[in-house]
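In structure tokens, one chain follows: the form predicted alone.
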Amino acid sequence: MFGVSRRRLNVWLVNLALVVICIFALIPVVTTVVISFKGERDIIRKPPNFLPCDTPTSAFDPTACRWSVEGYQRVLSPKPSEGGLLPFALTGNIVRVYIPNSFLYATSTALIVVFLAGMSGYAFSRYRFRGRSLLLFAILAITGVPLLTNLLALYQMGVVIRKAQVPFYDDRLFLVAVYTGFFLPLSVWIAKGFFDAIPRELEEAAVIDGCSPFSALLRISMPLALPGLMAVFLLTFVNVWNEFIAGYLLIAKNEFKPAMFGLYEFLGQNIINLQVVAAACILIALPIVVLFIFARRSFFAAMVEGAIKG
């Protein structure tokens, strides 16, 4: 009886600790959301108020809340449009230029990394060849090298290639190649761990039934490793989306730069308009939130499966 009560108490304490951690983690997010819907008058007022719902006679009156979409209007810059699907067009640079650029970089890099990491992880998991351990160690060592330490050399490479006027060269392709090279090594190890968890007997049985080794890979191993590859895709997508310094230095034209640069530029223009900056932060973070809402089950299943089987 005492053991059951002790176990229940431990569960309650763990749940309470998790709730407290979640509350502290959500405080900055909730604050940013609230600020994005405030007017400038309520942001700069003294003493400050968390919710703009006070009146001269009441500290909080839900019917007197002064919510504003001024920040979103200035970020989105909607203007009337004719001939489109909508009667208006969003002309703000963040939603018109920078977010689409980040989506292009993140999606392209994530797809390339998933393909290369999947093939490499399978090869390292299933085959034994000379230099395999050394190569795995070298890949693991590369993951410890920060991107910042290589930026000077990468910048010089970009300048030389740009001056050489290589056909079909584009700064966007160079940035995708840089991101792929930086995020691929760790992804190889993640993919290898998931292929290690798949029994070889399944592929051997498929080969006995008439499949070729490549067909067994596509029909048996790849579907079973799909949660792990989805985790690789999500991790790469989020890391590229949140990356700033490489997109800032390696891209020459502003119209090719990612969303983090757009936020940096926007911050310099609206340093005193916190509601505008907060609205820009919410709009840039929204695609990542939506992505995780739809892919959360695959992602957490991959993490749990990797922790159990890896």
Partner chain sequence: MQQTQTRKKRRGPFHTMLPFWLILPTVLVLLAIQVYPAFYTIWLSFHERQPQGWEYVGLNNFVRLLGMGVFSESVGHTIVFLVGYTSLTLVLGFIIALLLNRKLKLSGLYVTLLFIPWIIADIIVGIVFRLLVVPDYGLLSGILQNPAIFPPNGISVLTATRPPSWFGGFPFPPALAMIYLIMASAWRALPFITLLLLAAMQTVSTEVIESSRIDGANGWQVVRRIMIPLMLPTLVVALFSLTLGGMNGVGMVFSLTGGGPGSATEVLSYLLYVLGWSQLNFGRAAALAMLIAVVNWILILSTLRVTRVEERTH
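Positions refer to the first chain, counted from 1. Every value quoted in this text rests on a predicted model; they were computed, and no experiment measured them.
FYI, the form predicted in complex with the partner chain isn't displayed, but the following is about it.
- The partner chain is not drawn, but in the model of the complex it has no heavy atom within 4.5 Å of Pro167.
- Contact check for Ser58: every heavy atom lies farther than 4.5 Å from the partner chain in the model of the complex.
- Residue contact with the partner chain in the model of the complex: Phe195 places no heavy atom within 4.5 Å of it.
- In the model of the complex, the partner chain lies farther than 4.5 Å from every heavy atom of Gly210.
- Contact with the partner chain in the model of the complex, defined as a heavy atom within 4.5 Å, holds for exactly one of Ile245, Ala64, Ala252, Val69, namely Ile245.
- Screening 223 to 231, 74 to 82, 143 to 151, 96 to 104 for residues having heavy atoms within 4.5 Å of the partner chain in the model of the complex returns a single hit, 143 to 151.
- For the partner-free chain shown, Asn10, Val11, Val14, Asn15, Ala17, Leu18, Val19, Ile21, Cys22, Phe24, Ala25, Leu26, Pro28, Val29, Thr31 of 5 to 31 come within 4.5 angstroms of the partner chain in the model of the complex, judged by any non-hydrogen atom.
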